[in-house]
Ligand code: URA
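Taking the form predicted alone, here's one chain by itself in structure tokens.
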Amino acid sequence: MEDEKIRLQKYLANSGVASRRKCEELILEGKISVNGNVVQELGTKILPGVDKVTYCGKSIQNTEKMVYILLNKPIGYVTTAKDQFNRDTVLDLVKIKERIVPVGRLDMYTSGALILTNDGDFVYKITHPKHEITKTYTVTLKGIIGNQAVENLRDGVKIDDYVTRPAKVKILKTDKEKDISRLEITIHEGKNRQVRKMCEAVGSKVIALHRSKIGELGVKDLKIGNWRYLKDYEIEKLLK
């Protein structure tokens, strides 16, 4: 029976309350009760299905199976569960009974690989900077990019109030007739609109942006707007 117990913050995260880190804050703030008693210790363990867990008086139940989905996001969809401006969200594309959330974000005008899940612990592990999961983008730029600009992107450029970490940058194509360049950029970070800002920092305007991979997980064989469940080995590889 003891072996079946899990940490309270993991149970809350798996139930879709919030990320594991946020759930830890809720516990410390005294907002979580177990069997009618407020608990504020992060080491607390509970037995799912036996112990009664409440959040601000509301019963929390973790009866859903954990699902992990890869979506090839189209342009024009926002990566939020609900949008205040009533725009289309990625959840309009993935209609399943489980309540899922996007893992990280892609802006409205960026297409490509996006993971969705109801496993809060997984979200925490994948998005935390210490795990350094790479993201690979195909970037189409206006104009012909110079070699020095490419080197600057590789070394790191100043955007907002920080300098980006070294990135892998490869020129895929330059077309003088169309006056465009296409790059493949791989980064470890995930700052807001980072790739767009990096390119702007070297004087290039992004006219199309597509995330082709998260780690080694790609969407090459997944049509835009389509999704599929991740295989067990893919989940394990991401967590490594």
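All values derive from a computational prediction rather than experimental measurement. Residues carry their position along the shown sequence, with the first being 1.
Below, we refer to the form predicted in complex with the named molecule, which is not included among the displayed structures.
Peer 1: Quick check: do Asp107, Thr110 and Arg196 each get a heavy atom within 4.5 Å of the named molecule in the predicted complex?
Peer 2: Yes, the whole trio is in contact, each within 4.5 Å by some heavy atom.
Peer 1: Heavy atoms within 4.5 Å of the named molecule in the predicted complex: which stretch in 187-195, 25-33, 38-46, 172-180 meets that?
Peer 2: Heavy atoms within 4.5 Å of the named molecule in the predicted complex occur in 187-195.
Peer 1: Should Tyr137 be counted as a contact of the named molecule in the predicted complex, where contact means heavy atoms within 4.5 Å?
Peer 2: Output for Tyr137 is yes: heavy atoms within 4.5 Å of the named molecule.
Peer 1: Going through 200-239 from first to last, which residues have a non-hydrogen atom within 4.5 Å of the named molecule in the predicted complex?
Peer 2: Read in sequence order, the lone residue that approaches the named molecule (within 4.5 Å, in the predicted complex) is Leu209.
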